[in-house]
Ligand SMILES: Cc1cc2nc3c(=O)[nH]c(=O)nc-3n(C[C@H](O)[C@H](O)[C@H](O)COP(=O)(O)OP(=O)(O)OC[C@H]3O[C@@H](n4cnc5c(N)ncnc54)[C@H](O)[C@@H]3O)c2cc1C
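Single chain ahead, by itself, as structure tokens, in the form predicted alone.
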């Protein structure tokens, strides 16, 4: 791996050490933890300016906490540990995370971190899509203190996000729903270890009468430079008693709301059709979880 300008590999013992290193190197520094996407960035020529790698694994951010308000996931917590949380394994409202964690190979799960997967801002990743449909909030730290960024505002472009120079991610918070809720994630890929050609994550909330009170429909993969919230598809679901027919209508609405790319892996037409299929299937999976 070629980092031609690399001068330092820094391992701060506390947050202030990270902030000092970020202040010294500005946009010439890169935060790392698991490092599973370093090669992906380097191979795209995106690290030629990097002079310092700042490893944050000594900051004690590997916690996973569940409380009455929801989940608090430390930035350096591993996929492998997240997968073993009883709530992830059993709670319907967290089904999208459970589904997304099926896809990474074990070698990646044992190294990849929650914060790294989000901060990389790669629209082809799976786990951040599941966080996004659950209204996750990125908590980052800078010289002025802590700041919250809703995930639906976090991704600003290809490998770009709303964190400012001098800030780094410390936690992802996922609020607990106030009503019955279930979520699901679906993906199209060329093989078991591939980045998504198209992926989709959904969440449905229902009131005491069984009517959908709120919904989230998110598409990623090749639908744009960032994951996209499909509000039109959500409106098909809200105020409806959910049925397979309603799920199919939402999938069709989702297809009409995306403008995918064509590349060597799939055409735009294929991605559009798979948006319809994956949203429909994910909604039906979430609906099955609610019924169970």
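Positions refer to the first chain, counted from 1. Remember, predicted model here, so these are calculated numbers, not experimental data.
A second form of this protein, the form predicted in complex with the named molecule, is not displayed here; the remarks below concern that form.
Enquirer: Looking at 134, 82, 119, 186, which is the one with a non-hydrogen atom within 4.5 Å of the named molecule in the model of the complex?
Expert: Of the candidates 134, 82, 119, 186, 119 is the one lying within 4.5 Å of the named molecule in the model of the complex.
Enquirer: Pick from 64, 248, 30, 266: which has a non-hydrogen atom within 4.5 Å of the named molecule in the model of the complex?
Expert: Contact check passes for 30.
Enquirer: So in the model of the complex, does any heavy atom of residue 228 sit within 4.5 Å of the named molecule?
Expert: Heavy-atom contact with the named molecule at 4.5 Å: absent for residue 228.
Enquirer: I'd like to check something about residue 38: if you look in the model of the complex, is any of its heavy atoms closer than or equal to 4.5 Å to a heavy atom of the named molecule?
Expert: So residue 38 counts as contacting the named molecule.
Enquirer: Closest heavy atom of residue 162 to the named molecule in the model of the complex, within 4.5 Å or not?
Expert: No, residue 162 stays farther than 4.5 Å from the named molecule in the model of the complex.
Enquirer: Can you tell me if residue 168 lies within 4.5 angstroms of the named molecule in the model of the complex, counting non-hydrogen atoms only?
Expert: Close contact exists here: in the model of the complex, residue 168 approaches the named molecule to within 4.5 Å, heavy atoms only.
Enquirer: Please determine whether each residue of 56, 105 and 125 possesses a non-hydrogen atom within 4.5 angstroms of the named molecule in the model of the complex.
Expert: Affirmative, all three are within 4.5 Å.
Enquirer: Of the listed stretches (217 to 225, 174 to 182, 85 to 93, 108 to 116), which one has a non-hydrogen atom within 4.5 Å of the named molecule in the model of the complex?
Expert: Looking at the partner contacts, the answer comes out as 108 to 116.
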